[in-house]
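Shown next as structure tokens: one chain only, the form predicted on its own.
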Amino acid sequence: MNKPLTIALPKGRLLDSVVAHFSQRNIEIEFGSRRLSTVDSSGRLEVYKVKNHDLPTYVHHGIAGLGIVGDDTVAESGLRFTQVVTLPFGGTQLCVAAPKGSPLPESAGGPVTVATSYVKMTRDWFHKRGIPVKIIRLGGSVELAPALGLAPYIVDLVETGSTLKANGLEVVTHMTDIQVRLIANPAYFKLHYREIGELADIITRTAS
């Protein structure tokens, strides 16, 4: 049997969805207690569990030839990959949000102060529209920034909007849709094109 393909999966919100999706297609992944690597039940995949923001680095350096990750994480990394397939779960939106009744960013007058963990995407979006922006980097809980006077606007991923609503915020601008992708190191993709294609067919087919 060929050596298993190497793939990095993100800890956090996506991991359970990935494992369930693969399980429905007879690829069983179990890490066990505190383990960060495993081989799936079929022997097709050698799987590494890594922090979400580190995943592009592992794939870029070829430690894992493949990875499953959101567009936002890839964009923030500034790295380039071969996009293999889009997965049918985990989709969300990147939005500008602010306290209810706030003006649109382009109408705010002067530089717009924004708190976010998505610094590169935020800077690129504002610059493309010619809107002066001051970005304050936060690692999490950006919804607190307007209430505490740190920044009147935030940029964050929005799924249901319930967290925004609970903190007196609302979406003022939709920036982009975020999808979950199977990505590959370009050199690894060329070497393992057939095997990766087979995997892509399995994980995009209707569950049995």
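What you see is a predicted model; the values in this text were computed from it and never measured. Numbering starts at 1 and runs along the sequence shown.
Beyond the structure shown, there is the form predicted in complex with a small molecule, which is absent from this document and is the topic of what follows.
Put simply, residue 158 is close to the small molecule in the predicted complex: some heavy atom of it is within 4.5 Å. Within this chain, residue 42 is remote from the site of the small molecule in the predicted complex, having no heavy atom within 4.5 Å. Proximity of residue 25 to the small molecule in the predicted complex falls outside the 4.5 Å heavy atom cutoff. Interface residue remark: residue 11 is not counted as part of the site for the small molecule in the predicted complex, having no heavy atom within 4.5 Å. With the small molecule omitted here, the record of contacts in the predicted complex names 136-144 of 55-63, 178-186, 33-41, 136-144, defined by a heavy atom within 4.5 Å.
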